[in-house]
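First, one chain by itself in structure tokens, the form predicted alone.
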Amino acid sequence: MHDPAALRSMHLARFNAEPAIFVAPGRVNLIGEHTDYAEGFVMPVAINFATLAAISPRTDGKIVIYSENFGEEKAFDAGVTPKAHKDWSDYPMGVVAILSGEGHKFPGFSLTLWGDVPLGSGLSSSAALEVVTALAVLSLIGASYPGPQLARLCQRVENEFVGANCGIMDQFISANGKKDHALLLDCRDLSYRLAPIPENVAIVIANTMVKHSIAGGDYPTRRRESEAACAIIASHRPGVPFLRDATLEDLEKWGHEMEPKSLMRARHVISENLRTVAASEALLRGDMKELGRLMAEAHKSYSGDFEGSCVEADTMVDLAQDLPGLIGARLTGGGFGGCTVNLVEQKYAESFAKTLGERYAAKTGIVPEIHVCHASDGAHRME
């Protein structure tokens, strides 16, 4: 799908203007779920699913955005503070709103969006849309931000405009990913280190076809439960503003003061932070067996203590366990559906994907989408 020529033709036909083309990838998280808003650690990979944007200036004072995926065009007045409409346009117009609040003034423009990140799959279609829009609209005024700062601004789009209380991981990896590498991100200070993924290892993403939305329901509930546990620990140890600063020993001492669900959520977040750092170290030294073990532990914790999985996702992980070439498998993303991520020896990747899909369809009656992927570069101008 990453065809800038096709997008250029689409934009020219609709707006009769030559555009600049930008791309921002989706992501899959190898390990580290619901740790980002606890200022913890995550280890995502930018993948070769992405959103493309074509942009050109207008002279009529209008902002006109066309989404090929939704088959819809929306028009807005440039210079008027955008308001949320509770549809797909909130993501690009939220970017305009946040950047305008930073003092930028945007002329009218035409924007064409086209992506292949599956919606509701947990692969960060929204973050890719935000980041690619930010690059595109900033290019109109000759402005730019370093990757980490751009990610923070796009996170604000999600938090302040869209109304999804997410952490920064998705936007950060979309803006800062590197081909053939995973990225260990410290969500507290946005420092990061890259770890190479061996060339004989493939990333197989298996979509359960159960969609999730982080803007409502279970996600904010889990976050509140986690933060309630942190507040109890902080009442005893004031130096614990986030679960990043807490320990499993803290839970042993004060877990009895917590609601049972809060204790479970905190146990997941604290142990997941430890696993994520250990996983990056395993990847850096090429210890794929240890990485796979940590991924298995992470899924067990995500499904059990965090209760962030679902029957279909647990089934997808279980069905992968005895397939040739598997290194590690777990549910990835915000949870409650979406995709599993499987690290697989490259020579087995295609047969692994085929067999896993057949098994899942036979077990659940749902035909999944399964893709063999690779780690890609972060957002950039294509031409």
Ligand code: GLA
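Just count from 1 along the sequence shown to find any residue number. Remember, it's a predicted structure, so these values are computed and weren't measured experimentally.
From this point on, the text means the form predicted in complex with the named molecule, which you will not see here.
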property: Contact segment among 320-328, 58-66, 338-346, 24-32, judged by heavy atoms lying within 4.5 Å of the named molecule in the predicted bound form; result: 24-32
property: 183, 166, 117, 203 - the one with a heavy atom within 4.5 Å of the named molecule in the predicted bound form; result: 166
property: Contacting member of 161, 242, 192, 219, with respect to the named molecule in the predicted bound form [4.5 Å, heavy atom]; result: 219
property: Residue 37 within 4.5 Å of the named molecule in the predicted bound form, heavy atoms; result: yes
property: The named molecule contact at residue 44 in the predicted bound form, heavy atom, 4.5 Å; result: no
